[in-house]
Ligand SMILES: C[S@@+](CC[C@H](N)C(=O)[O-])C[C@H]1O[C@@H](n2cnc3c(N)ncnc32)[C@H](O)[C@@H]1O
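Form predicted on its own, single chain, as structure tokens, below.
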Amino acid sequence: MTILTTKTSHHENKAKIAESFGSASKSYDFSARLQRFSGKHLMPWLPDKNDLTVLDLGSGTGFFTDLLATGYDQVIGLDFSKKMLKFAQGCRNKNIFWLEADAHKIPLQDESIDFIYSNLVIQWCEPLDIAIKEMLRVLKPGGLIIFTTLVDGTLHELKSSWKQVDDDQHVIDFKTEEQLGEYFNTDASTVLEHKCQDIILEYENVIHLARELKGLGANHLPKKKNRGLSGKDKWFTMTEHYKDFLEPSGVYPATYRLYSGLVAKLNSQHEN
């Protein structure tokens, strides 16, 4: 009975996350300053061969799927938001094959993909190890996972400011850099390269930050206790604490700790 309850809750969380991103589909491309930076940051790692089959895992509005389609023979855009996919289909390269699916159950054959591109997606994948097993299953031996994600330290200003107000969850729990290494360095895969850097975006005020997070669909918190809107008094107190981080120019900073990774699936002779 406990297992069934857990599964139901897990599926409900996925549905709510998909809904959050779906409702953001039209505003997403305008809000996605970080996605643009991080996605372009991966370009030097892309293979220079054209005759490859590529999976964009968590393709969103298809901005980078479209760019991939200019350089590779077959490109698949996978997302679990029906609205995101509909948006992408309407304005992206007509040769892209779109799939509505979950990273935990990719509807592709074993060893059918040359490389997976994934930009700021896997921080939403829980449990992450199942998603990684699925990525490795569809990858050909020697295939690559080229990805970015956010790690612990992201939005620490917002997290710290809320912590002084209550003990509820207002920012998702991000994996650490070390944890990602453990997830990807396995008998079946190895991290070839990785980088970790802090990207600081500036905001006019805390409402501007909150609106951008909502515009990115990044406002779903599975562990949040209080499902209602935070009271005005709590919000005001939090914003007062956030002023401790105010820059001399009067702008509000928000730190995003960006992890970029290049992972290879090991050839079968190296696997156990």
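These numbers were taken from a predicted model, which means no experiment stands behind them. The first residue of the sequence shown is number 1, and the count goes up from there.
The discussion below concerns the form predicted together with this ligand, not included here.
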Q | Single option in Met84, Ile113, Leu155, Ile146 placed near this ligand in the predicted complex, where near means a heavy atom within 4.5 Å | A | Met84
Q) Of the residues Asp166, Glu177, Glu134, Asp102, which one places a heavy atom within 4.5 Å of this ligand in the predicted complex? A) Asp102
Q) Does this ligand come within 4.5 Å of any heavy atom of Phe184 in the predicted complex? A) no
Q | Distance check, Thr239 to this ligand in the predicted complex, heavy atom within 4.5 Å | A | no
Q. Quick one: is Trp162 in contact with this ligand in the predicted complex, heavy atoms, 4.5 Å cut-off?
A. no
Q: Mark Arg36 yes when one of its heavy atoms lies within 4.5 Å of a heavy atom of this ligand in the predicted complex, and no otherwise.
A: yes
**Q.** Region of this chain that lies against this ligand in the predicted complex, out of 137-145, 168-176, 193-201, 115-123 [heavy atom, 4.5 Å]
**A.** 115-123
Q) In sequence order, which positions of 47-69 have a non-hydrogen atom within 4.5 Å of this ligand in the predicted complex? A) Gly58, Ser59, Gly60, Phe64
